[in-house]
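The data below hold one chain only, encoded as structure tokens and taken in the form predicted alone.
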């Protein structure tokens, strides 16, 4: 009897579904598969129009001569790239960008980690910690325009900084911090460091508060000093955050434009010329849109290399 029942069950399972029922079963499945794409389609369309199309246009412009300014532009291949890569101003802007970016990122990390560890210290009371949090986070609240105006007033020849340094006897004459070729790059780098370290501080403070206290207690039981706890517990636990933030900061800082433009405009001369200001001047001061597109493509390729490393690190981390 059991054998007969099993045969009947298997026969029922082997019976193919009716054509109408099969189609009815495929339709909900197909609709389910297409639903995510329907939700994503507006965003994908927007990205194509606002991101992909301009990028393709700039790449095409970089291969042509006299675009926009003339009706008939000719394709000249990689000629613009050769002209840009041998331009001494471009090389100076590239060197300034590297110095500005590396110095800013390292200083952001050191200051952010120092202040984060200070705020995470149990030696501070809650009231003191709250006051310092406000003070340290204050630069992050200002817009770039406010920061530029504020520091132009402070660093002007008749500004507060020169007054304090003269009162302390550190300088005998007023220094034009933003107008002198020897100090302009240092000054704008310092301003960028001041404006950017709170982001590191807040992120690293959240990372510090997420480290289990058991790790420090186990390290102390093993006789680890404070220095050994820092390098063997704190830094390894913060390494994913540090790497991610450093990569993002390199991309952001290397593309800094507003702060440079509103403080020195890339001058005096080419002392603070960056890739961003160099590209802007080519396009809107000299109307060399082909060369400006070429410079933008080079910056884009450098950013893509960094973005690739960042995505690869994030994928390995997941």
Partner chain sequence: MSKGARMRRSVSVISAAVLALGLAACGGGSDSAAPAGSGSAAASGDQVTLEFAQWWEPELPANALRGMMDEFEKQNPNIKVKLISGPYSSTKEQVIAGAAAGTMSDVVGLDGAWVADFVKQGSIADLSKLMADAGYDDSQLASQVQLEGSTYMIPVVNFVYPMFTNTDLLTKAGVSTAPTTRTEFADAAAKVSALGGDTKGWVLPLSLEAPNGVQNDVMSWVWASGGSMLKDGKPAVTDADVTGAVDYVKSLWDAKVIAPGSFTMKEQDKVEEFTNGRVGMMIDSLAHVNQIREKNPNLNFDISAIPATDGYSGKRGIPYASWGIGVAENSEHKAEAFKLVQFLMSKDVNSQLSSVAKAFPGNKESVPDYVQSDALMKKAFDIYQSGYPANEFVGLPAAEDLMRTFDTELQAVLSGDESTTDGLQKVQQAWSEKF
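Bear in mind that the values here come from a model prediction, so they are computed numbers and not experimental data. Numbering follows the first chain given and starts at 1.
Heads up, the form predicted in complex with the partner chain isn't pictured, but that's what we're talking about next.
Only one segment in the set 136 to 144, 177 to 185, 90 to 98, 114 to 122 has residues whose heavy atoms sit within 4.5 Å of the partner chain in the predicted complex; it is 177 to 185. Contact check for residue 82: no non-hydrogen atom falls within 4.5 Å of the partner chain in the predicted complex. For residue 45, a non-hydrogen atom is located within 4.5 Å of the partner chain in the predicted complex, even though that partner is not displayed. Using a 4.5 angstroms limit between non-hydrogen atoms, residue 86 is distant from the partner chain in the predicted complex. By the criterion of a heavy atom within 4.5 Å, residue 213 is excluded from the residues contacting the partner chain in the predicted complex.
Within 4.5 Å of the partner chain in the predicted complex, a heavy atom is found for none of 128, 170 and 293. Interface residues of 136 to 155, taken as those with a heavy atom within 4.5 Å of the partner chain in the predicted complex (partner not displayed), are limited to 152.
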